[in-house]
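Below you will find one chain, with nothing else, as structure tokens; this is the form predicted alone, and questions on how it binds or moves follow later.
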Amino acid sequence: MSDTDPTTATDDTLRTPIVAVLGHVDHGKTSLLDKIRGSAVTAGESGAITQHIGATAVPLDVISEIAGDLVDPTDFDLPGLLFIDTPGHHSFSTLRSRGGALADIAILVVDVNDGFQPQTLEAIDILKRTQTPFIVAANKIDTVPGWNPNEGQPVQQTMDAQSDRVQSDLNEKLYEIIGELSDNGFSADMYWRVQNFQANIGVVPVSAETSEGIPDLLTVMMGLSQRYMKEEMEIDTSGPGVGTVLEVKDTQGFGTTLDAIIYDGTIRNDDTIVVGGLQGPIITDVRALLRPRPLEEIRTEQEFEQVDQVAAADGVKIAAPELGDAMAGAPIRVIRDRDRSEVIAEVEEELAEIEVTTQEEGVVIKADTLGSLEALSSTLEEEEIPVMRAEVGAVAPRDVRVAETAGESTNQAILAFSVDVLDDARDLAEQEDVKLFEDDVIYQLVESYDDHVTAIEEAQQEQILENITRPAKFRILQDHTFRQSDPAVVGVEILSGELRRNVNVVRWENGEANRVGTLKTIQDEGEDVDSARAGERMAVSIQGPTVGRQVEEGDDLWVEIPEKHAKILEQELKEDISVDEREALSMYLEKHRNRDPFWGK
């Protein structure tokens, strides 16, 4: 059927399942997609593989060609598979359809040598949250030492052809991946041992380098889709189109356009559509539907050709006026014969589903799409990091102004995920001391911010500790009075804690702490020092008492700790002071609390 054939009045048909590829950076997502695409181009004529916007459709006959004996095309009535080309899971969580992820099924790519990495876990979280069925492609089997490649072969055949040592090395790596899946709550096994793919995750060993295992991967994807998703794939292609924005782009000759995936119904080049925008739904008329030219025609001047209509599931570029405010990840709906206000309400409802809870105090977050904003926000929520403002789009000066108003210095920050920072915003942030964090990997972004917060908190603790009276107990040594008064100069031994200069000193009598004076200086063999630790002996000068009256040789004296300081030391800084300071503190508190049980609480 060509793109311009009109569909029959109620054309109930099975659409192509949409496949997303996820995984840790460097584990081979892109090369796996490229290999599937490449194998598909080789297997079919170059025209058989249609390039779509943001997606590659691999028809059933091409899959059957690649998979050889593994696939009997007569077993299937689904038309093939549509691979989303935007790798990375922020785009996966962006791609939403009503009530979930846009992808019907996913491939989680894991490097057999590296196993699970932070982004693998992040991807698994998203798959769990969106309840998307997935299989694991255990990639890079060709890197096992001693591996003999068998280009494009099914994986069991090529594994059987390897030496016993290579087979056992590979199996060990594969079972580690199965173990990690189990740690994350998924029962898994080699795909050929899995009876029920709804209860167990199938692991498919592959090589994106040599195409080994690619026939199996495509077979399992087709089998899963056919068996468990056939009902969901039933759509009315003549109905008004429903889709999701992949990207908002400027396209030469057409202004702002939307790269979109249509997953239900049909979109025509004279339709009125409703699209989710930054300020709410945008109602606009389709001016043109664009597709990349077939591979053999790519040499022509125009990169795109116009088509009259596109039916699900398919990728298309939509040109229409007033798309400047459209958002990646937002819904697209064709109005056609439906009630306009009803369609607008549906889009509003879908936008409202994308929950980002904000608080009065917190950081500012910016992301490239609605889905990634939601993914970032939920990660921050798990980490108990409050968010004050969350928006899609580049970091602008107004974001800096909002961040600047945060009460806590740790919250005077902007976390920017996969977005640009405008130059004037960067300058303003520097000027106002608002910290900018930029990354296109969520966990790295959050990690950098965490490190920043830790550094601030440590500096604050140090500052507080600097200004807080530290606990210490010391004894006046016998026969060590060098001067009796004005000030009294005596030899002392520090029994616990840390003794510093310029502190008030008390002596306990009958359960009461009586201030005897102020310790002015500490000397070690004639040299002035700032402090002395438990076990050390020093000469100290104390302004106030006279030795033989208010104090005696052999007396135990204590640093007087203000009640407020005692409370902070016990409740907030206990971990930041030394063991003997803690000991001095608890003895000091005990003495006070014998008299007043609530002292320092």
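Here the structure is a predicted model, which is why all the values come from computation and not from measurement. In this text, residue numbers run from 1 along the sequence as written.
The next section is about a form of this same protein that is not shown, the form predicted in complex with a small molecule.
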All of 20, 128 and 130 within 4.5 Å of the small molecule in the predicted complex, heavy atom check: no
Contacting member of 176, 169, 189, 209, with respect to the small molecule in the predicted complex [4.5 Å, heavy atom]: 209
Interface residue in the predicted complex among 592, 582, 24, 15, criterion: non-hydrogen atom within 4.5 angstroms of the small molecule: 24
Contact segment among 134-142, 358-366, 67-75, 229-237, judged by heavy atoms lying within 4.5 Å of the small molecule in the predicted complex: 134-142
Partner contact for residue 541 in the predicted complex: the small molecule, 4.5 angstroms, heavy atom: no
Partner proximity in the predicted complex: residue 54 to the small molecule, non-hydrogen atom cutoff 4.5 Å: no
Proximity of residue 28 to the small molecule in the predicted complex, heavy atoms at 4.5 Å: yes
